[in-house]
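Next up: a single chain in structure tokens, the form predicted on its own.
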């Protein structure tokens, strides 16, 4: 039995599901495969940011996702004496991307919501309980061999994207070489269901105690997370023993006030694959990069990968762009991911130090500075050569609310948009038409303020809501479009 599809997605966690849905929303046939027969019922990732909620908005599922979340309220860092060395109060109002800055969630609930949404796309087929064991690049496309229970199946696809996690089968086929930052720390992760609030904090707390660093995370409903670093002499087996877990949690909760939902020792890695693409074979999410948990950006980064890939694959499948456009994928996303990993490592070093003398210096420096400086710039730019300019380009375009309550992205549509009063040249008009873009001439006051701050009259916004570039006049628009136009096929 052979299945024909435009894109095969291996791994149907959040990254694979978002990529599948985005491609299906363009009308392409997608076959998604996951070796698990159903959603893994244990919580894993617990945070995503406003940019990811904006993606769910774009996929028309924010209304389903939002009720299963709680907003991030902030973070405290306490030293061994319980003194505050850093406090961050997260704004609770809507931010520049149209949503609150961050959300806490339960991954199984999110995955069930994503899978329910899959039924709304006729061109998307999801194959659960199916392992991909081989992928070959042949003259007429990619060929996958799958195992499905007692039988096997062949799938032919134009492109294959591996979203199959840290132990990625697709990455092993593509290239299993990884850049290793050398940061590998093992933590005990305990998710509990509390009988009552029990006076636990309403914000995330980092206990920066060199004797035993720990983290507390408030989650939706009755769920709470505790992360406790393993120390010399600890093993995964010893620290996950029920009596040991009860003892470790006793600083927060009496044993009768909670039930343990999950308890496991995890080693967090800082890795980046050296190669994210070969021909029609690509990787995304944890298959391409892994990072510590302190910034809560692992899942967010995978979903950004998915949205970056989706519009590029759409242009190629439509015959508008050549496959050379995919050369920009790793260039753009790896720069962003590496920035986050390096900030995460720096933050982790503050939290995880076990040397009392280093901790004392840290505490003194934090008191003097008022906050860790690495948290000041949390919106890194994407890399690559497609986008023109820096500071305002290469970052997400703002999304204010319109007077009628509509979010501004609804005016942009799902493709490219030229936002502003600059009239494009004939050549730029042809390029925008080829891209399926349109011109939004009436500018929202907040967007106008943003353009003024950027000293620009117009912006070109990509389908993933990243700013391709800014312009003061028609010549500037030509310059912004030229790098992307070099990948387009002749009209």
Ligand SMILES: Cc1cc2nc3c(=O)[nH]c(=O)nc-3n(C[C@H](O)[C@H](O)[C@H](O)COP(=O)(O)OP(=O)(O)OC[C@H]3O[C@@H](n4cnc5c(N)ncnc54)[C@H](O)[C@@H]3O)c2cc1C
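Residue numbers count along the first chain shown, from 1. Keep in mind the model is a prediction, meaning the values are calculated, not measured.
Here the subject shifts to the form predicted together with the ligand, a form of this protein not shown in this document.
(Q) Test of understanding: in the predicted bound form, would residue 463 fall inside 4.5 Å of the ligand by heavy atoms? (A) Flag for residue 463 set to no.
Q) Is there a heavy atom of residue 399 lying 4.5 Å or less from a heavy atom of the ligand in the predicted bound form? A) Result no; residue 399 lies far from the ligand in the predicted bound form.
**Q.** residue 268: touches the ligand in the predicted bound form, heavy atom cutoff 4.5 angstroms
**A.** Yes, residue 268 is a contact residue.
**Q.** Contact of residue 448 with the ligand in the predicted bound form (heavy atom, 4.5 Å)
**A.** No, no contact at 4.5 Å.
Q) Can you say which of 295-303, 311-319, 77-85, 352-360 gets within 4.5 Å of the ligand in the predicted bound form, counting heavy atoms only? A) It is the stretch 295-303.
Q) Looking at the ligand in the predicted bound form, is some heavy atom of each of 15, 35 and 43 within 4.5 Å of it? A) Yes.
Q | Answer option from 132, 97, 249, 230, heavy atom within 4.5 Å of the ligand in the predicted bound form | A | Among 132, 97, 249, 230, a heavy atom within 4.5 Å of the ligand in the predicted bound form occurs only for 132.
Q: Report the residue, out of 171, 394, 158, 225, that has at least one non-hydrogen atom within 4.5 angstroms of the ligand in the predicted bound form.
A: Filtering the options by heavy-atom distance leaves 225.
**Q.** Residues of stretch 153-167 in contact with the ligand in the predicted bound form (4.5 Å, non-hydrogen atom)
**A.** Sequence-ordered list: 163, 164, 165.
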